[in-house]
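In structure tokens, the next block holds one chain alone, the form predicted alone.
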Amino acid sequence: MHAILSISHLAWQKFFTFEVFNSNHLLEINMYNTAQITFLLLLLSSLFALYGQEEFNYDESKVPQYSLPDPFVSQNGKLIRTPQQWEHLRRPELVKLFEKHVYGQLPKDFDQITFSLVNEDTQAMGGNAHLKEVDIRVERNGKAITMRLLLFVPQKKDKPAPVFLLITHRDPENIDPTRESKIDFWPAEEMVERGYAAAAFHVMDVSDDSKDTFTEDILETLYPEQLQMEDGMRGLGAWAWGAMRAMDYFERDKDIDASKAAVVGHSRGGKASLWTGAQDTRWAITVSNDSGCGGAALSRRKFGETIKRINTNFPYWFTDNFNHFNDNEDALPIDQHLLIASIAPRAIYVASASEDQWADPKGEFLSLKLGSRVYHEIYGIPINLPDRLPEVEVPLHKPNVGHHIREGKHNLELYDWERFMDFADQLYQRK
């Protein structure tokens, strides 16, 4: 009973963090309103009943035995030994497998894309940065959507600046362009001070983070056919699509070095950033922070959040086919280490938090360790990650592969960004 209560506590903590407090319709309780109190009690009773039926594993001794697909053996049994075989055979088939079974297709066709500078401040951040607010308009089949890109470019530069792009699903206050609100989730000032351009877009411009309204933007407007397909694009794919349109802009801005661009995501955004990096080879660095199930963590470990749990509560993130693997992880022809592998030889960074067992920090590290074999065995890049889970706040910055576990809870904090920038400093100095 003690173990069950402990698991329930963690599950509840996760549920309230992401299901209630991040909902589009926050539950406001007036403690003097009997009807609202009654409603809350009924809600809590229903949720306890629901989660009391499902036990989540936080015990390493209960992780089942599992075997993982080999990165170096193609679907037809061909051994992969050269960069050419990887890039023209194995990597493309891995991306296709993830499209079919996990994230859905990622359509890249459209008729026209235009960029409009709708606001700028050449003296932002006390004169340290040039703010650009850019509307990216994409047209297809006579219809169009517009997404807003925020960008702070360092003023103190003698050449185009490298850039970090954040895919964010949090309150827009986190990426306030006025900088009246400054939150460590997107520490734009610190990035600019380090010589990096700080960019961000909110996912609501491409696909709402809501099972009720996620189709209202690019899916219904630009790619409605995807909604009829079992392997069609859904929410996370739409967010990756948005990041790719931001890259289209970076390639046209003379103040940005698009060859030194990093895409960053936290939690569900981290899942999207990994899918972005797998789909789009223009990104120099792909960063996943606390991405967990459906992100960096191995699904077959069944530790913390599971495929069934994530599909049940977030059915709009993944393609319909992913439901076939609820309580059936071993049937997957891929696992998340192969998503990390598909980003090679470009740089990959996986970050975790010590108290975020729901996202399975060990499973994230094992996935990185196994996936990063491609860097060494195919490309000869010296990667030697330890067999044991690294200590908390002891970063590992290898050539093209980075990792750390931050002390604390499920969040994206200044410590994480500082390590991402340290890694980028090291990577770009070698080039």
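Residues carry their position along the shown sequence, with the first being 1. Just so it is clear, the model here is predicted, and its values are computed rather than measured.
Omitted from view is the form predicted together with a small molecule, to which the following refers.
Peer 1: Every residue in R268, K271 and F314 with a non-hydrogen atom within 4.5 Å of the small molecule in the model of the complex?
Peer 2: The answer is yes: all three residues contact the partner (heavy atom, 4.5 Å cut-off).
Peer 1: If we define contact as a non-hydrogen atom of the residue within 4.5 angstroms of the partner, is I310 a contact of the small molecule in the model of the complex?
Peer 2: Contact with the small molecule, yes.
Peer 1: Contact with the small molecule in the model of the complex for D335, defined as at least one heavy atom pair within 4.5 Å: yes or no?
Peer 2: Result no; D335 lies far from the small molecule in the model of the complex.
Peer 1: Test of understanding: in the model of the complex, would R419 fall inside 4.5 Å of the small molecule by heavy atoms?
Peer 2: No, no contact at 4.5 Å.
Peer 1: Is there a non-hydrogen atom of W186 within 4.5 angstroms of a non-hydrogen atom of the small molecule in the model of the complex?
Peer 2: W186: no contact with the small molecule in the model of the complex.
Peer 1: Of the options H101, R148, R194, H169, which one has a non-hydrogen atom that comes within 4.5 Å of the small molecule in the model of the complex?
Peer 2: Here the answer is residue option H169.
Peer 1: Identify, from the list W358, W283, W241, F164, the residue with a heavy atom within 4.5 Å of the small molecule in the model of the complex.
Peer 2: By the 4.5 Å heavy-atom cutoff, the listed residue in contact is W358.
Peer 1: If contact means a heavy atom within 4.5 Å, which one of 217-225, 302-310, 156-164, 75-83 is the stretch that engages the small molecule in the model of the complex?
Peer 2: It is 302-310 that comes within 4.5 Å of the partner.
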